[in-house]
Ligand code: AKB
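Just the one chain here, the form predicted on its own, laid out as structure tokens.
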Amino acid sequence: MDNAILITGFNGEIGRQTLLSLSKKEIPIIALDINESDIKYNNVVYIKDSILNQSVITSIFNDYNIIEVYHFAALLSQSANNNPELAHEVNEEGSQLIINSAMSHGIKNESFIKIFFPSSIAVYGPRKLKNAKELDIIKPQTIYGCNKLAIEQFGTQRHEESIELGFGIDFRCLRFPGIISPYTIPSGGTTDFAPQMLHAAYNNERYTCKVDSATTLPFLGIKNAVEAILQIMVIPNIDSKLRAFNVQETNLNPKEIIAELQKEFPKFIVDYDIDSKFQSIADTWPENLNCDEATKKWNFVNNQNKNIIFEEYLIPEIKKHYGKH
């Protein structure tokens, strides 16, 4: 039985870039998603199915010696709020199935299966915090935030049980802020205004923002998001009962994003049409994140600022991305 990596939800924004990085490893990768892939890598076995299909999940763990799991399959914040029952099934029941299957596999093979789970600033609430730490007030006000917190806790519990048993899972989790990608235009997330503005500015499109110009939230570029994932997964052991860590590069509001983009795209225009659903959610999420625990426990480096993110990464990369078409 060959060692292999399992990645779910690989067609998503972070999943796609993570799969690209993982594909460079000399190890088989099992990629599961409800949609077909439009990119093929030689060492990847693609499975079009749902994480809710227990027989498929069981067969993956029976057919391969899965040593790492990257679990991205999920409904995002606005989509989850619009369909709470499906969000509970996918974000919680599906995640529990993946974690339990990995734990059973680890116990059976007397090993530890590393699991990466992407959590979110949506776990915070009910009021906006500054310099939010991992153990600050966590009372999520959204379905999505409740889903994410439930799996943080479930994974952490299973991790502790595995430590007691001597086999099982090694659960590792990042609380992601808004992700800004020059490669994809996301939808369904509360922080999507940032990457949407980036693409609109490049394409000379007028943009309508759904949150107030002063709404400040933490952000992370997609490149450093993937690097943080690979970084936390490569460490042999994280000596901490804390299993969910904050990561961010900078914090931004729409007004600041516009100012950065207009340096390169001076004709970029933004209108505001405040959506109460988006605004009420954003008002419960932190203004910025304290990343000290990530720095101490696994050497996360948070040394960027908004000028560097836009001038040295996002704008050059979006020019390269659209230049390919």
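Not measured: the values here are computed from a predicted model. The first residue of the sequence shown is number 1, and the count goes up from there.
There is also a form predicted together with ligand AKB; it is not shown, and the following applies to it.
For the residues 182, 140, 189, 254, the 4.5 Å heavy atom test against ligand AKB in the model of the complex is passed only by 189.
The partner is absent here; in the model of the complex, the one residue of 76, 146, 228, 103 having a heavy atom within 4.5 Å of ligand AKB is 76.
Judged by heavy atoms within 4.5 Å of ligand AKB in the model of the complex, the contact stretch among the candidates 82 to 90, 196 to 204, 235 to 243, 115 to 123 is 115 to 123. Ligand AKB in the model of the complex comes within 4.5 Å of no heavy atom belonging to residue 171.
Contact check for residue 177: a non-hydrogen atom falls within 4.5 Å of ligand AKB in the model of the complex.
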